[in-house]
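The chain below stands alone and is given in structure tokens; this is the form predicted on its own.
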């Protein structure tokens, strides 16, 4: 059965827009008084609401009252929301001026989250995940990448990924699991970092693949995690096993994004330390540059050079990095609005980075824009002008939300 949803004061389809480089707001192609034709969970067309209704007299009508602006659902292409506990103590120490090493020596840092997550059962992790997914849906996010990385051994990493798989089956959002067993070398692993990566390759990733728990792997390339040479070997080996690649790159020091480009990673994420050299390399590649403003806000450091990346011709996505340590806020729209203000991103560039360009970072081609054949993942805001959404810097939340054409949030 076909269904026409509308009329919307404005529809921003974000269709037929450039995948790379800067984007003018003139490229938005706004549909006034628009409607969306939905069939079997997919978008069958968009256009003038009255014309759609006249051309399809047998279609069911889902009428929208008042002024509302329609966008594609957001895609959050980098999160760590499968965790237990919190790191509020870390945050208090950080804003009091303590360094990363001082916090780690006091029992904080990633290892603290590993300890707390290991103590949680799979059922407990599923419950925590469902709560965070529900909040993300309420804030317009319909597709969520979720990393492991707080288990750091075979048993615990599998527990995390199984929790993600179970939560995906129980929630209305689409979850994209990523194995981040190469987050840091765990304190209880005897041997060098290179040996730990071999352990992951030999003992964990075959099980991940056999159970269908993740098709993507990630690694943190940094002085405090894994070096360039070891990471390159690990990534190439994982790619040969059939995994897609993404990389935590250039957060504090450079080098990670160059490895990401070299191995053909789908994305290089963070990039706060990227210089003109790294920007040029990313722009010349098919690797999506993912800015994580939540980490910058949480750590009190500069943002990724989003404006320079776009001007150089890179594909820029924006994700939340929602995690218990460096990015606990998790509010994707708020973070993107702040990033846009500091980096001077157009509205079109910000929306592109939250939708179809973020989908590209996950190698997803069926979402991120409102055009025929795409998933009917949509969100509507109670306003008459699309510019009000970023103007309110995250305080204006979706009034309505649809996943696969089914309405999950109604006029709040």
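Owing to the predicted nature of the structure, the values given are computational and were not obtained by experimental measurement. Residue numbers count along the first chain shown, from 1.
Keep in mind the form predicted in complex with a small molecule is missing from the figure; the text below concerns it.
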Does the small molecule come within 4.5 Å of any heavy atom of residue 87 in the predicted complex?
yes
Going by a heavy atom distance of 4.5 Å, is residue 326 a contact of the small molecule in the predicted complex?
yes
Examine residue 110 and determine whether its closest non-hydrogen atom to the small molecule in the predicted complex is within 4.5 angstroms.
yes
Given that the partner is absent here, does residue 150 sit within 4.5 Å of the small molecule in the predicted complex, heavy atoms only?
yes
Candidate stretches 338-346, 196-204, 78-86, 258-266, one within 4.5 Å of the small molecule in the predicted complex by heavy atom:
78-86
With the partner omitted here, the residue among 251, 246, 142, 117 that in the predicted complex has a heavy atom within 4.5 Å of the small molecule is 251
